[in-house]
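Only one chain is included here, represented as structure tokens and corresponding to the form predicted on its own.
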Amino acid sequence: MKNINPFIESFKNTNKQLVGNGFRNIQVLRDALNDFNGSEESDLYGAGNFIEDFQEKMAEFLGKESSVFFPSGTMAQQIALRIWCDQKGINKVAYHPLSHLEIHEEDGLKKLHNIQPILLADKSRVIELEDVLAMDEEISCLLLELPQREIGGQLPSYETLESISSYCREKGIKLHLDGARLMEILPYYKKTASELCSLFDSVYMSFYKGIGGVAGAILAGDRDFIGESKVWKRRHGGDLISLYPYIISANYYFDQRANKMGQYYEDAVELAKFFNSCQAINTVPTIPVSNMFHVHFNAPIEQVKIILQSIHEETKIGITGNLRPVNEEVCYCEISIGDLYSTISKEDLHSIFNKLNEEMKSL
């Protein structure tokens, strides 16, 4: 029998939620497929109108010569780094200690490609120019994750990005953008995707994060780079017979939400103020720089779960269903703003956070 977690169930049973675009269920795909009839031909092993038109659209949006659709960002990024290492003949790349490649991929880069990572900067902050200048290792590629998810979605300044990009080009180091949440940072930088991506030699973007598609990713760069990427995609088994469910949902939700990222960002700044007004709660960063941030509760995780579960059940409004421990006395959750936040009235927001504040005071 499946174990029921009362805290998670309390979140799932709410009528409204502060975070995201809605629960990830089959309706996500059904909505995307609604305008298509059953006679439409699918893509076939990486070819066909569905995939080729979308790849062209994304290349233009990102300001690159070409792009290729992947079923996963993990596959896309490992391939990108492999190509840059092969090109320079140095099997070393640099990235943040809390990069997805380092902590979530079971050493895939090392085991599959024999690539050695060089970890830059302290875990608690983003990579700065000084970290790059201080490297004593010769590398083929530097990967920057924008925003840096595991530390609350922090970002370096745009001037820092420009300086790092100039240095890398001067030294012959390829610069790759882990832009899983690329769309979400454009309002903060006040740049177009093309302007931001011009600083990088290759770019990856996800279609299921803030965009809210089923799955999938795009990898963009110059034509030679993408040509090699397609070969490696085949080698990795990424050329499924058809990828159209992913592509259709990616395209559908990209068109729906690309122009909403500014509102999500403003909503995140507002919501962070509500959290920071509560006793024993703080956000990281204090003022968000994208639609995502972390909320730290200065209390043991089991106590916080009881408080949030009570608020969920009383108000039918969900705050989070995912708490993680920092240590025995502190826990945190990740907040990512989407369509749902705007459906909650200001009156309800004030009510929820008054309750949360009172409950945290009582601990």
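Numbers follow the displayed sequence, beginning with 1. Keep in mind that this is a model prediction, so the values were computed, not measured.
The same protein also exists as the form predicted together with a further copy of the same chain; that form is not shown, yet it is the one meant from here on.
- Heavy atoms of every residue among His104, His113 and Arg235 are located within 4.5 Å of a further copy of the same chain in the predicted complex.
- Thr74 is the sole member of Thr74, Asn91, Ser165, Gln263 with a non-hydrogen atom lying within 4.5 angstroms of a further copy of the same chain in the predicted complex.
- Listed residues Asn251, Gln78, Thr283, Thr160 were compared with a further copy of the same chain in the predicted complex; Gln78 is the one with a heavy atom within 4.5 Å.
- At least one heavy atom of Ser242 is located within 4.5 Å of a further copy of the same chain in the predicted complex.
- A residue is said to contact a partner when one of its heavy atoms sits within 4.5 Å of a partner heavy atom; Tyr208 meets this definition for a further copy of the same chain in the predicted complex.
- A residue is said to contact a partner when one of its heavy atoms sits within 4.5 Å of a partner heavy atom; Ile287 fails this definition for a further copy of the same chain in the predicted complex, lying far away.
- Residue contact with a further copy of the same chain in the predicted complex: Asn25 places a heavy atom within 4.5 Å of it.
- Residues with any non-hydrogen atom within 4.5 angstroms of a further copy of the same chain in the predicted complex fall in just one of 59 to 67, 327 to 335, 46 to 54, 296 to 304: 46 to 54.
- If you take 295 to 316 and check each residue for a heavy atom within 4.5 Å of a further copy of the same chain in the predicted complex, you get nothing at all.
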